[in-house]
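As structure tokens, one chain now follows by itself in the form predicted on its own.
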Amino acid sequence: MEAMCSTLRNCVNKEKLCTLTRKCIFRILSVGPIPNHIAFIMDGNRRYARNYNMNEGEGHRSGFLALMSMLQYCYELGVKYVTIYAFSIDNFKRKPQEVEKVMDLMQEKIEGLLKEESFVKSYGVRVYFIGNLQLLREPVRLAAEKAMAATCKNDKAVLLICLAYTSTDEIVHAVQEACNERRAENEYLNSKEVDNDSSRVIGEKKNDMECAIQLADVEKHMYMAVAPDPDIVVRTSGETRLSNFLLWQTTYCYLYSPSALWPEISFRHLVWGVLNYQRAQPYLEKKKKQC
């Protein structure tokens, strides 16, 4: 019994030391610009499982544990927005058994977000699910909608979970919505016009101008319109492809590709990524101002 108590005390002391060390490092990092928005492409769960002779489902579970740690670090650092690429539309093409396991895990973890002891409660996180949610099976979609409704009043931090998402689908969706909105506006204006020859000519010219879709019209209908563009995109496993993720939003974004597989990502990777961003930030800001 005494040995068990001693072990527990050591664990508590170690955790306190780790927390204190993180706070010291974060204070040093805060001398430079802290990213407002970090996006993660969580690559390498399946390779991690193969490397350690685990089944694919266990690889995704290990990846979820890594995600919880990374979210904690980001919010402690002062990053307000975190986006994760959880499941691509293209991932539906994988083996049915794997997709089923991932969807089961998604539902389990989404429902876990609403528990009192979850990080959502601890950090006051508002959760958004980003993507074509109609592609999800109904229990997962309903769980996502419930989580968004339950956290809608939280305002300290934001977590955006890209689920059934690709950037090309997002862009097509935004253009379609912008066209539908403009068409509805024009139909309303036409219904108000006086039916005479002169007003018809004026009305036709007005419609020609108003039918043109502007950049702002498209951007406001993006799934990601609820958040500013990311400052950093982190893709693990050493890959440098965006894989159809936030193509519209990453023009002036710093890309960081640590060689670690996603379940292996750690505190030091986040620190190194932020340091590299701080070095590149003046150049990125200059490029933004030139446009």
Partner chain sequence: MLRLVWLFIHLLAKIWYFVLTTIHTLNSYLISSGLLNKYTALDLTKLQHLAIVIESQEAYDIVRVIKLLCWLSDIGVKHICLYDMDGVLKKSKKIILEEMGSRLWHLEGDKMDLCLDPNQMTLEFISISDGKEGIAKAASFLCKRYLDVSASEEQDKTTFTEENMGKALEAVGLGGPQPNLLLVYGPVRCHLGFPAWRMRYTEIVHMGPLKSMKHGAIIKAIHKFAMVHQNYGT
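Positions refer to the first chain, counted from 1. What you are looking at is a predicted structure, and each value in this text was computed from that prediction instead of being measured.
Separately, the form predicted in complex with the partner chain exists; it is not shown, and the next lines address it.
Enquirer: Using a 4.5 Å heavy atom cut-off, indicate which stretch of 100 to 108, 162 to 170, 123 to 131, 149 to 157 touches the partner chain in the model of the complex.
Expert: After filtering at 4.5 Å, what remains is 162 to 170.
Enquirer: Flag this candidate site as yes only if 46, 240 and 283 all have a heavy atom within 4.5 Å of the partner chain in the model of the complex; otherwise mark no.
Expert: Each of the three qualifies.
Enquirer: Does the partner chain come within 4.5 Å of any heavy atom of residue 16 in the model of the complex?
Expert: No, residue 16 is distant from the partner.
Enquirer: Residue-level contact is defined here as any heavy atom of the residue lying within 4.5 Å of the partner chain in the model of the complex; does residue 268 satisfy this criterion?
Expert: Answer no; every heavy atom of residue 268 is more than 4.5 Å from the partner chain in the model of the complex.
Enquirer: Going by a heavy atom distance of 4.5 Å, is residue 20 a contact of the partner chain in the model of the complex?
Expert: No, residue 20 sits far enough from the partner chain in the model of the complex that none of its heavy atoms falls within 4.5 Å.
Enquirer: Residue 32: heavy atom within 4.5 Å of the partner chain in the model of the complex?
Expert: Taking the distances in the model of the complex, the answer for residue 32 is yes, it comes within 4.5 Å of the partner chain.
Enquirer: Of the residues 135, 77, 114, 175, which one places a heavy atom within 4.5 Å of the partner chain in the model of the complex?
Expert: Checked against the cut-off, the match is 175.
Enquirer: Go through 260, 247, 225, 54 and name the one with a heavy atom inside 4.5 Å of the partner chain in the model of the complex.
Expert: Looking at 260, 247, 225, 54 one by one, just 247 meets the 4.5 Å heavy-atom criterion.
Enquirer: If we check the partner chain in the model of the complex, which of the residues in 85 to 107 reach within 4.5 angstroms of it by a non-hydrogen atom?
Expert: In sequence order, 90, 91, 93, 94 come within 4.5 Å of the partner.
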